[in-house]
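Heads up, the chain below is alone and in the form predicted alone; it's given as structure tokens.
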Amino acid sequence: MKRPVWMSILIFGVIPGIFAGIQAAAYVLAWLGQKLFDGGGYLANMLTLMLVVVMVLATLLVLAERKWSALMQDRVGPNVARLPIPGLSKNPLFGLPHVAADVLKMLFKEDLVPSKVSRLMFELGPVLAFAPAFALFAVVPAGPAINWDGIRVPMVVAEPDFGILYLFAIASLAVYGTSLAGWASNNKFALLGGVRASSQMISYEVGLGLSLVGLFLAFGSVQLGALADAQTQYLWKLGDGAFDLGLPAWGIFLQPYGFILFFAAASAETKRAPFDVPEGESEIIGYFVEYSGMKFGLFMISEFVEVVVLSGVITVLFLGGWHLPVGDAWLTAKLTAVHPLLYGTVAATLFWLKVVTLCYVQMAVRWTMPRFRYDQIQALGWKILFPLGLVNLFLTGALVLIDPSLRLLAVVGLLQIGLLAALTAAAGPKKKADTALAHGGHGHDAHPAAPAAAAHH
């Protein structure tokens, strides 16, 4: 189906423009905060990045997923809600009124609490599910730190030396919310969902950590900002001209298996299909079956916040963060010469465009793959992710010791990418004969008289 003109304009014009405007305002507020007192910029980033960008993007992903799933399943999608405004009451506005309808419904819907629940734990469950997911973005840099009038203006909420370790520590707390919600609800179906969430966490958590150790060995740091800047170096550079061109040391080139392992394990962290066994509505209803109103809304929005956080972390670790694959140094020099704010705005906008693209990929996976059984998830974690993580770790350590320039590691990484591409192509669509047999036919010999009959009629 041909894409409408307005959709192309929205994708390539409006969305980057919105992110550019938000990021320019975020840098200005961070600069003003740093001028007022040391650390004021971090406080301003907490308001702009986390409360505005992450929350608004997660809220819009609710609508985006419904629209995308409708497109994949050949449905109309959300278009019933209307704004009670003359001239717009008959316009669906691409489904945007559904966002306001969902938010208002969550806020004003009656909060029903079963009579035999553990009240404190029941109230604490949604908070422990949402707060860790929301706090994860605190260490994810959304853009470069710029020097504006002698003031260093960061674009991150916190810059601890233990960066990614904070991410692992806070992410492991999210399971308490699901477990408490299932246990405190005094409902057997909810309890089963909480138990499934705990068993799922045990199976993927080790693989999640191992998938990144190779990246730490390659770059020698666990701080996200330092990892992003380390990927600006070129493994092989063409020419010595002003425009830098070559193969950058992006994490996905050095650690392709690490990227796949981390993406799979982190997708299980979001508890979304194909890893949504804790809330499999066709089997056990879910660990938040007894929750209503805004408490249910916290469980739902926490999943989409995790999608944004996961996309941000993958962008920083494996896709160069806010850096371009080619011409990055040239563009940085040109934009900084005009004004540091211009460079920061463009770089941060590039970061958010990568994040949005990865959010789209996660939605495509969510509506493509069927749900795993809980035993399949445990087998994936312990029999596939964990052994491959160990092999990747030992192989990376050996290659870094042999060649500290990382070129040998990049050669092996490119070979791994080629192998994955070959395996993917080999597992492509079956032949037409196999397809006909799968549908009950007899290959090329099925119904030989059909073409002649059709021609006769």
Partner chain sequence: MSVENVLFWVFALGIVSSAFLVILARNPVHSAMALVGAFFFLAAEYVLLWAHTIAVLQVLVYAGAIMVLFLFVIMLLSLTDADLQPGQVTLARVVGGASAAGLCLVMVETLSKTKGAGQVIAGEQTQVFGTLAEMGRVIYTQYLFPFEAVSLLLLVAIVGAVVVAKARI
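If you're wondering where the values come from, they're calculated on a predicted model, not measured in any experiment. Numbering follows the first chain given and starts at 1.
What comes next is about the form predicted together with the partner chain, which is not displayed.
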Practice task
Identify which of Y176, W330, W367, W148 has a heavy atom within 4.5 Å of the partner chain in the model of the complex; exactly one of them does.
Solution key: Y176
Problem - Selected contact from L238, A337, A169, V80, since only one has a non-hydrogen atom within 4.5 angstroms of the partner chain in the model of the complex - result: A169
Practice task
State yes only if every one of I260, T357 and V361 has a non-hydrogen atom within 4.5 Å of the partner chain in the model of the complex; otherwise state no.
Solution key: no
Practice task
Give a yes/no on whether W183 approaches the partner chain to within 4.5 Å in the model of the complex, heavy atoms considered.
Solution key: yes
Exercise for the section: Using the partner position in the model of the complex, report whether D229 sits within 4.5 Å of the partner chain, counting heavy atoms only. Expected result: no
Practice task
Using the partner position in the model of the complex, report whether E205 sits within 4.5 Å of the partner chain, counting heavy atoms only.
Solution key: yes
Exercise for the section: Answer with yes or no whether L385 is in contact with the partner chain in the model of the complex, where contact means some heavy atom within 4.5 Å. Expected result: no
Practice task
Could you tell me which of 195-203, 246-254, 263-271, 291-299 sits within 4.5 Å of the partner chain in the model of the complex, going by non-hydrogen atoms?
Solution key: 195-203
Practice task
Heavy atoms within 4.5 Å of the partner chain in the model of the complex is the criterion; list the residues of 138-167 that meet it.
Solution key: D161, F162, L165, Y166
